[in-house]
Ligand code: PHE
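Before any questions on how it binds or moves, here is one chain, the form predicted alone, in structure tokens.
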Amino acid sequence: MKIAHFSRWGFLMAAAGAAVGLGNIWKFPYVAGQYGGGAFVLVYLLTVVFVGFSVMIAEMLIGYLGRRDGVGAFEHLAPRHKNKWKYAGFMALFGTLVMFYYSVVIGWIFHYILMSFGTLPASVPEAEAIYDQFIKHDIWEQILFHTMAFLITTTVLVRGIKGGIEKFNLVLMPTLILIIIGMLIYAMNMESFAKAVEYMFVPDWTKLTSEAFAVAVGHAFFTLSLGMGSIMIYSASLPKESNLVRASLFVITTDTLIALAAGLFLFTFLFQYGAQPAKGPGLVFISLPTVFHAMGNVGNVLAVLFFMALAFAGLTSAVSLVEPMVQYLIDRWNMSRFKAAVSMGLFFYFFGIIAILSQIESTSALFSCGGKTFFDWMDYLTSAVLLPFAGLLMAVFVGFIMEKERVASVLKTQMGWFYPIWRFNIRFVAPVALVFVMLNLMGIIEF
């Protein structure tokens, strides 16, 4: 199979675009506050270094050496039982089920971009009423914005690696980073910035439970887009002689700094205007709009920029989520890129509508089971089961199944003295951590 090559800078922007998503700007700040601020951040950073970094290199290595779709890469690199190891590739493809609800949330963001040009809610009750009305009742508006997200994502994928994905990320990622830096600089000049720093980085050890540890590891996987096949399929398009370690460090550093920066300016804005950090989508879609309203005209400008940054982060990740499936159809079913991209786009679009209906008050019962909506089930299954399990398979495959000499031939020179530490991490630390995460998030074990 012939896969078009990224330029080196194009790959870095695309991989960073895959990693930097809604998890960085939407989810990371509120889970950090919920689980002890600095205590959670410390566990998260340690997870990124000892688990996330190791698994990212493993996933890059499989794609870089395999030069195939996700399933074919495992088959090609397995020295034995090739037919069995192809199922590890399928597990990575299943991680793309995040798209069942991801483009729906991007649609919410489009709605809030438009709202930011007008009158923002002046109070939390008003913001809650607006949010509830939109999520639980405005079915056609949600479908409209969901359709917009589908059309943008599919158009980029149809244009391919060089003409679509690379160009898209080369524009959106630098713009996203500039917006984040600008909002952080603006926040640093506010009195409440010191309080935000304390909230984010001073640990509250009483909140550091086994659940907090599991959430930190799971969130590191989610925000780095590990276990979804995105990094693997992008790495198949890397030029020869690329340095995987430097690429991994760039992606992880960019991803982590954006998450920390987003948390700092968000909490600065909240504390400056007396708002309380909310959990879940309430932080971004309820608390923040009221804060932007309190800022006056400048608040509308900041709201537009913030939701644009959030949309850019979501769209770059959405493209990376669908691409592994598109490449699989091209490779295994001999489809044209146009047909493969449109087919997968429509597939996720259909289930996105089900995710919308599962949130609508009048239809929610039809798409709910066991006390969870279809939307909630997809969020739970991907974060608690599919992504960590796919990451576990990648770690075991590179650590125990691939020929040791083949792994060392690529990574030993690039890592130097760190190579034995990385190998120990990928063989023992990462698998144990990922098994713990799955068992904890499924409610099987805790301490």
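This is a predicted model, so every value here is computed, not measured. For every residue, the number given is its place in the sequence shown, counted from 1.
The form predicted in complex with this ligand exists for this protein as well; it is not shown, and the discussion that follows is about that form.
A.B. asks: Among Ser358, Ser287, Ser103, Ser320, which has at least one heavy atom within 4.5 Å of this ligand in the model of the complex?
C.D. replies: None of the other options qualify; the answer is Ser320.
A.B. asks: Does at least one non-hydrogen atom of Ala73 fall within 4.5 angstroms of this ligand in the model of the complex?
C.D. replies: Judged by the heavy-atom cut-off of 4.5 Å, Ala73 is well away from this ligand in the model of the complex.
A.B. asks: Within 4.5 Å, heavy atoms only: does Leu434 come near this ligand in the model of the complex?
C.D. replies: No, Leu434 sits far enough from this ligand in the model of the complex that none of its heavy atoms falls within 4.5 Å.
A.B. asks: Quick one: is Met232 in contact with this ligand in the model of the complex, heavy atoms, 4.5 Å cut-off?
C.D. replies: Taking the distances in the model of the complex, the answer for Met232 is no, it never comes within 4.5 Å of this ligand.
A.B. asks: Residue-level question: is Ala18 within 4.5 Å of this ligand in the model of the complex, judged on heavy atoms?
C.D. replies: Result yes; Ala18 sits at the interface with this ligand in the model of the complex.
A.B. asks: Only one of 419 to 427, 5 to 13, 435 to 443, 20 to 28 gets a heavy atom within 4.5 Å of this ligand in the model of the complex; which is it?
C.D. replies: Of the options given, it is 20 to 28.
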